[in-house]
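Just the one chain here, the form predicted alone, laid out as structure tokens.
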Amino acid sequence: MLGAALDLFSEHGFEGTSLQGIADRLGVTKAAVYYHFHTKDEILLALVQPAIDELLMLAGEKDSGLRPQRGRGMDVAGYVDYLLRHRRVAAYLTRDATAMSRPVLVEKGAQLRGQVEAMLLGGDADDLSTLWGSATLQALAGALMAAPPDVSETWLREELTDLGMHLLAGYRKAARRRQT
């Protein structure tokens, strides 16, 4: 059911998709869809919750290679792998501002942003880390979405990891400049 919903959300947008449309795509009644999900917001949350849960787990792992080590930032390749695992949902959310503005996702996004920025950059949140963290998140997600669908995942992983490493190097340079 979630795959059909994601297909329709991607084709018609969140607002342009109805529970009846999802039922029609599945060849079931609207009541059958309603039995599992009472609203489109519930479906949207069910689509993104696995990615959110995984990211929270990665951000919270104390011994993970993804956790910052004394402000050095995370293993960018690990974050890129995460993005690649959730590419389809990320692609949809990047294109549908209406879905991203739904209260159920706004709340989740606010919960995640600071943790993910800290995971990427290390250290405590300040103006500089917030700026660079946001830029890094946007750059990696944007590059992932801009990649042609026919490129190899190996090539894409290498390029995104390299991009992330360059951004983290830029952040470290900015942090050193600020200390002087």
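What you see is a predicted model; the values in this text were computed from it and never measured. Start at 1 and count along the sequence shown; that's the residue number.
Another form exists, predicted in complex with another copy of the chain; not displayed. Remarks below refer to it.
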Only one of A147, L56, L45, V28 gets a heavy atom within 4.5 Å of another copy of the chain in the predicted bound form. Which one? A147
Find out whether any non-hydrogen atom of L19 is located within 4.5 angstroms of another copy of the chain in the predicted bound form, and reply yes or no. no
Can you work out whether R176 and another copy of the chain are in contact in the predicted bound form, taking contact to mean some heavy atom pair no more than 4.5 Å apart? no
Does another copy of the chain get within 4.5 angstroms of any non-hydrogen atom of P50 in the predicted bound form? no
Partner contact for A32 in the predicted bound form: another copy of the chain, 4.5 angstroms, heavy atom: no
Which residues within 1-30 place at least one heavy atom within 4.5 Å of another copy of the chain in the predicted bound form? E11, H12, G13, E15, G16
